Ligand code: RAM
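To begin, one chain is listed below as structure tokens, in the form predicted alone.
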């Protein structure tokens, strides 16, 4: 049974949804371009007549560019050129975040997730003239329109998109931002804005859920931009309202049509829950929320503590260990770093709540684990941490050993330098892990390297034409997808990718 008190507190924090109309800025067509994201860009089509002054027959098609990615509903105002309608009007519509989705719209779908996530519709309208708002919410920048059938030529008097979010306006850039940093920041804010709906979503196109891992990073960006702590607290209480039978916090929940548990548990997300609580407390001073949720946060460590009593576990924890979408990644060391990182934050919360005996026990456990991790997982010959039976070397292991304070100061700087020069290291594939890499640079005092990496990784996305940041980005493999072999199913606007707005603003 869900925790009714937490659901009540979540309901008290439902954000007001803001809506605004956006008109298309151009008619466009997809053009192959090896320098553009996934090999496609949109090219503006010069036109002498406004769309409302043109009439379309069966088989005609066009593509509208709304200038930026938005989340909301499309509204069409249509009429027949001659007021004689002896049959319905039928349209094919496709809502796209990227040019690829339209350019390759007709190829066979090969993804492992439901094809229903692709945002295409057949709309049949019986009466003309008519103003019709499509019932579904879409995430899109581009809309492809094809007239499948019309009794006579069809006129689109008005097409507009009613955008929606808990926030509308982006926060102004700081005075010292360069033009490139301003673009990096705006894309990051837009990414977060689009995910701020009834809860903080992972992606507004797919899969429209509240995920604990994404929420941690969204909370950081929100704190330096929109500062909408109501939606953060609503999201936290919703997750906490659905503990599993063993006390584990769900990795994600749905909020529509009413909140319910997705029955998904991810070990590294669970042990990072105290970090989310601690960060929120630092921003708001909300001690009541800490008091409410400390027992649940502490329970996550009870689930795994037995794996560490005799030293560091040699295998991954018995649950889904995410860390990154990298298929070949051995997650053992990184997951243990997450456990230690979360443990340290839990100890801080215990002290704030004056649970001094508990805090001391947690601090002693953290010291023991830190010592054991350095002893058992650090390879002195390579100067790097290894993971798993094959002693894999990955960026993820180094990042989480730094974040967990197994190494710090000059040792952390040296570890990062070794990582950068290791030729056969397993690299990140998601902005989620790249976000944690930026944090590792930051706490190690490597601000210059942090900014360099931010500009290199996220800056490349901007140069390739993105105005929001995607779920997965590997420059050498732009069609990479964790879901089979069809990149159309990837989320091109994804919450865990909005790091620039945070790291450009913090000291």
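Everything quoted here is computed from the prediction, not taken from an experiment. Residue numbers count along the first chain shown, from 1.
The next section is about a form of this same protein that is not shown, the form predicted together with the named molecule.
- Taking the partner from the other structure, the named molecule in the predicted complex has a heavy atom within 4.5 Å of a heavy atom of residue 207.
- Contact annotation: residue 320 falls within 4.5 Å of the named molecule in the predicted complex, judged by heavy atom distances.
- In the predicted complex, the named molecule lies farther than 4.5 Å from every heavy atom of residue 240.
- Although the partner is absent here, residue 185 sits far enough away that none of its heavy atoms falls within 4.5 Å of the named molecule in the predicted complex.
- With the partner omitted here, the residue from 89, 266, 217, 343 that has a non-hydrogen atom within 4.5 angstroms of the named molecule in the predicted complex is 266.
- Residue in contact with the named molecule in the predicted complex (any heavy atom within 4.5 Å), chosen from 202, 330, 275, 101: 202.
- Partner proximity in the predicted complex, defined as non-hydrogen atoms within 4.5 angstroms of the named molecule, places exactly one of 207-215, 406-414, 223-231, 124-132 at the interface: 207-215.
- Shown without its partner, the chain has 483, 494, 496 in segment 475-507 as residues with a non-hydrogen atom within 4.5 angstroms of the named molecule in the predicted complex.
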